[in-house]
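Read on for two forms of one protein chain; each stands alone as structure tokens, with the labels structure 1 and structure 2.
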Structure 1
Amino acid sequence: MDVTFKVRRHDPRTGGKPSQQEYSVDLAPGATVFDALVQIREEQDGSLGFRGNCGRGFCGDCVVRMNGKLTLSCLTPVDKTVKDGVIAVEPAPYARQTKDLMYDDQTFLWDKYRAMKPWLVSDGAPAKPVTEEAMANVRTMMRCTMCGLCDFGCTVIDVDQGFMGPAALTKAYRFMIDPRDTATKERLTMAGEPKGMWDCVHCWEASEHCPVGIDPTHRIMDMRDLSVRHGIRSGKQNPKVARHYDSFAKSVKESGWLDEFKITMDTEGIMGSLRLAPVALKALTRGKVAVIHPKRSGAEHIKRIFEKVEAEFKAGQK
């Protein structure tokens, strides 16, 4: 199989502009893009820089963009990716580019990972045996290779690389649900600070990007549920998020549905609402905001659902 690889090349250390270099390669059937890059380096150009070790999807090191698609090069078959005989290979975005397809993801990924205290914390009490069942979800999450694909695909990181991102948040959740760990509440508070779990837009991009089925977006939503269950609606520096949740819940609980106007007032407070006043006024003059929300029929049943679940949460928190 003859394929032309158009590889983006750049060495920031020597300066100069990024360029594109073409390599034609004759590949064995079943070759992956990673195999092709190795073959190019061994047979044609020893100076080509790219990442990857295991060639098996284990190390999570080989993320590149191939004909637009961002994923692990070692799990990407050439014959399924090639278009008109060509594969364009570009480096992963956001992380600091070091050479050609290589990147340094210390700041992008690993510093955030460390900030989540990715180790077991014990309160000192003697260890109790854990059941296989209690470990099942933890085991699934332990499959994470820290490839960073969920972060590379994240809509929020796209506009703000200060966001903790799904990789680190998912790691935090992995320890929260570990029956051997005793710091769940501290972890929930930490992950609930600004740029943490409440900054996620739940767009499901992370889940779509994860190659091992961790489903990071779902895990972040699970973590939020866990947070509410523990009565921790946000971190200490993030009171607005808690106000938003409480006001949202109160509105649905009392009337069956949302009163956007009231939620904005409760969440933003007077000063924040003033900031939004010009937009609100314009909306009002256009008849956009129904200020008086009638209570829905059946609202008492919605309220009953809330009361039942909240009572259970309360009992669990004791």
Structure 2
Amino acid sequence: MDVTFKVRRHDPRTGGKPSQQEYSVDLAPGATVFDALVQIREEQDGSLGFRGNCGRGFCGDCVVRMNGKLTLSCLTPVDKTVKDGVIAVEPAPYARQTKDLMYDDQTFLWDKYRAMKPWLVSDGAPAKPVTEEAMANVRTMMRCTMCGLCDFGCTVIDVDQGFMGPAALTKAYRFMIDPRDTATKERLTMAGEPKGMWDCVHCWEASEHCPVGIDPTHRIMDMRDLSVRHGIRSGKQNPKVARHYDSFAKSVKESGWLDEFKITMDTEGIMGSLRLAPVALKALTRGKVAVIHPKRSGAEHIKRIFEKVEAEFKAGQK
């Protein structure tokens, strides 16, 4: 099978502008894109830089963008990727490119991962028996290979590369739910700081990109629920999150719907609300917010739902 690979080349160390180089490769049936890149390097161009290790999808090293789609090159068959005899290969976005298809994974992934303290913490008390049921979800989290596909697809990282990202947050959640760990509250507080779990916009892109079915977006939502159950609604450096949460719940409980002006005042304060006045005016003129918020029909039923959940929550804490 003859395929033309159009590979984006660039070495920031030597300067110059990125370019596209073409390689014609004769591949065996069933070959993957990673196989093709290895063949190019071994037979045509030893200077081609790309990442890869296991060739089986276990190490997570070989993320590239092929014909516009982010994927692991070692799990991508050429015959299912090629279009009109051509495959365009580019480096993954956002991370600093180091050479050709290679990127700085230390800064993009591993520094954030390490900041989440990914190790078991013990308070010194005798260990309790660990059941198979308790470890089931932990084992699901342990499938993560830190390939970074969830981060490369993250719409928050697209605008803020300081965001911890779904990969690191999923790793943090793995230890939060581990029955052997005794630092759950500390971990939740750490994950709740600025750039942490509350910055996720739950666009579900992380889950769409995960190749092993961990569903990172759901795990971040689970982490938020766990945080609220522990009475931790924000980190120490961003109390606005807790104010926003409390105001949101109070507004819906009392009136059956959200009072945008009230929640803004409660969350941002007077000065912060004044800074947002131009946004509020635009929303008002376009009918996105209401000035008066009377109780909506059925508000009493919504209030009873809140009261029931609050009662169950208090009972569960005893």
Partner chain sequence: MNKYAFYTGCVSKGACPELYQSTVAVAKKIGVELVEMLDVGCNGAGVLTTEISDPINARTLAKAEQMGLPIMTICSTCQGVIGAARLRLMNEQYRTAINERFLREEGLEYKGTTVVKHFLWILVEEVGVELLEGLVTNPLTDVGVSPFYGCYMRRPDDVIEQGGRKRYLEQIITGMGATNVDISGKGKCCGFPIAAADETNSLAMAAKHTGEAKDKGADAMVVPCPLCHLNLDGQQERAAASTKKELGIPIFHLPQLIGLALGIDPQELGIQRNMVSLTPVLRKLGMVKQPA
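Rigid core (definition): largest C-alpha set, two forms, superposition within 1.5 Å. When a residue number appears, read it as a position in the sequence of structure 1, where counting begins at 1. Because the structure is predicted, anything quoted here is derived from the model rather than measured.
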property	result
Number assigned to the form predicted in complex with the partner chain in this pair	1
After superposing on the core, C-alpha shift for His301 between structures 1 and 2 in angstrom	2.8
